[in-house]
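Okay, so here's just one chain, in structure tokens, the form predicted on its own.
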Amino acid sequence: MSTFSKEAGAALIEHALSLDCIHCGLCLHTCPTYQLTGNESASPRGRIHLMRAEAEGRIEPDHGFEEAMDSCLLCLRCESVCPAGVSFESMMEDCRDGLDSVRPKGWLVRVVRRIGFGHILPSRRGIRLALGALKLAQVLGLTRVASTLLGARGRALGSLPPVPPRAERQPLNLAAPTPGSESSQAWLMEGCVMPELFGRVNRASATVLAAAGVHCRTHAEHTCCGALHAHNGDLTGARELARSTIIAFESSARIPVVINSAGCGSHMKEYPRLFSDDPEWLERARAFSSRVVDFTEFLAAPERLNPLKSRLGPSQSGTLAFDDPCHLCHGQGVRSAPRTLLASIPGAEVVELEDPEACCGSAGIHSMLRPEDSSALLAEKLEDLERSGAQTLVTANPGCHMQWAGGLTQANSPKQVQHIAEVLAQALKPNAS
């Protein structure tokens, strides 16, 4: 007989949320892990059933329960098709956070998480040191050795994009805004890994925003929004980073916060959920989240799109295909804005993938934790891209960017991956910005 108490189980999720699921099964055909395995426990409906049973004290959170929760990519495609409006992301984050208490990971995982989540991601210096070490390993060929010796995880490590030269790994250095209306200004959040791996994307974003008549501000001291913490069962760390993010940007309460990383933007728009039991921070979180806007969503507004269009020339990237990052289309409901921007480039040939809203398998650190599943999902996306005839895969999220770039490199494909900000920046006429 189980000795696991109902009270202990109820701590993992809010039981009432699990009752929203009507078990219709529409999520089954959109869930990547269910499609890979065919197992009900690897579907949103199955996971909710397990969470409900655990919350009611009918089952214990054993290894099988933990595996079902850990295998989810949190791509949120199930939320897009759910007729009952189930808050699946909220339940999954709460469940993973609770599991970390009742089923602690092994000592090595705990050490790695403590270093990664506690010391590297929240610190600009920590990120710089970590990626400097990765660059050294790449230069010495150690990542190639890892690809050979460590199996799938080694191959995932070896497929990471080359860390750019130090000269490219610099934060934005923007001039102070000129006096004028706050409506022509925006914060451009640089992110945690973006300055180190995709500094060119941040620079392209600032250039394109300037061409649209927007002066960007940056906050050099801010580093991480806490998205990876929340998705991986560290809600305490996520709240700490949410507070520091809110504090960093709330002094200019009327200026929008533009995000060129879909996963980060989706998480920051959901900050109020982290503070449902803290009235003071709940109000501050709501005020901040109301200002968060995706880069494409912000630019597609007519008052910025029209000036930008007058400054765009022909595309330099060949035939384009936009692949919707999960946390842009499913998390934020932003679908038309990226396509509106690409269509505004004179003469640009834009084609649609057959299934642009399917997950590429990146899912934060999922590609490192479960490389076989991640590679299987990416293989389908690579075939989709090949059938489309596009020469450039366009994305709006760094995790997807790395996943696609690694897959194309391993496939020896001549196709390239670009952030939509890069595509737009390259299409700007000389002196447009």
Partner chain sequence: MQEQIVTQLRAIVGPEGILTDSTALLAYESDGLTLKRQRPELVLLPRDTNETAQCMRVLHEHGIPLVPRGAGTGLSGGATPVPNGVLVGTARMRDVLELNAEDRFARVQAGVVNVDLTRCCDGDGLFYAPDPSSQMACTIGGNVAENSGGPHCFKYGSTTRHILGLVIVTATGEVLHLDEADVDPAGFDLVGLFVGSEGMFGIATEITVQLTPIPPVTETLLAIFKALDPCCDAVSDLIAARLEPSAIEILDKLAIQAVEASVFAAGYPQEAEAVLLLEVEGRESAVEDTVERMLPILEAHGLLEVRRARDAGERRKLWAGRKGAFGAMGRIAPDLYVADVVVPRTRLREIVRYATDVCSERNLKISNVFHAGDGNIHPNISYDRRDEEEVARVLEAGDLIMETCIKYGGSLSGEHGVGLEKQAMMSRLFTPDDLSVMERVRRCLDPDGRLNPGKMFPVRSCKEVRPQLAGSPGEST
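In this text, all values refer to a predicted model and were calculated from it rather than measured experimentally. Residue numbers count along the first chain shown, from 1.
Quick note: we don't show the form predicted in complex with its partner chain, though the next part is all about it.
**Student:** Evaluate P371 for contact with its partner chain in the predicted complex, applying a 4.5 angstroms cut-off between non-hydrogen atoms, and reply yes or no.
**Tutor:** Flag for P371 set to no.
**Student:** Can you tell me whether I365 touches its partner chain? I mean in the predicted complex, with a 4.5 angstroms heavy atom cut-off.
**Tutor:** No, I365 is distant from the partner.
**Student:** Given that its partner chain is not shown alongside this chain, does A411 nevertheless sit within 4.5 Å of it in the predicted complex, heavy atom to heavy atom?
**Tutor:** No, A411 stays farther than 4.5 Å from its partner chain in the predicted complex.
**Student:** In the predicted complex, does D62 have a heavy atom within 4.5 Å of its partner chain?
**Tutor:** So D62 counts as contacting its partner chain.
**Student:** Heavy atom within 4.5 Å of its partner chain in the predicted complex: which of E79, D100, D94, E357 fits that? Just give me the one.
**Tutor:** Result of the distance check: E79.
**Student:** So in the predicted complex, are C24, S41 and R58 all sitting within 4.5 Å of its partner chain, heavy atoms only?
**Tutor:** Affirmative, all three are within 4.5 Å.
**Student:** Going by heavy atoms within 4.5 Å, which of 299-307, 254-262, 82-90, 233-241 lines up against its partner chain in the predicted complex?
**Tutor:** After filtering at 4.5 Å, what remains is 82-90.
**Student:** Could you list the residues in 16-54 that come within 4.5 Å of its partner chain in the predicted complex, counting only heavy atoms and keeping sequence order?
**Tutor:** The stretch 16-54, when checked against its partner chain in the predicted complex, contributes L19, D20, C21, I22, H23, C24, G25, L26, L28, H29, Y34, Q35, T37, G38, N39, E40, S41, R45, G46, H49, L50, R52, A53 at the 4.5 Å heavy-atom cut-off.
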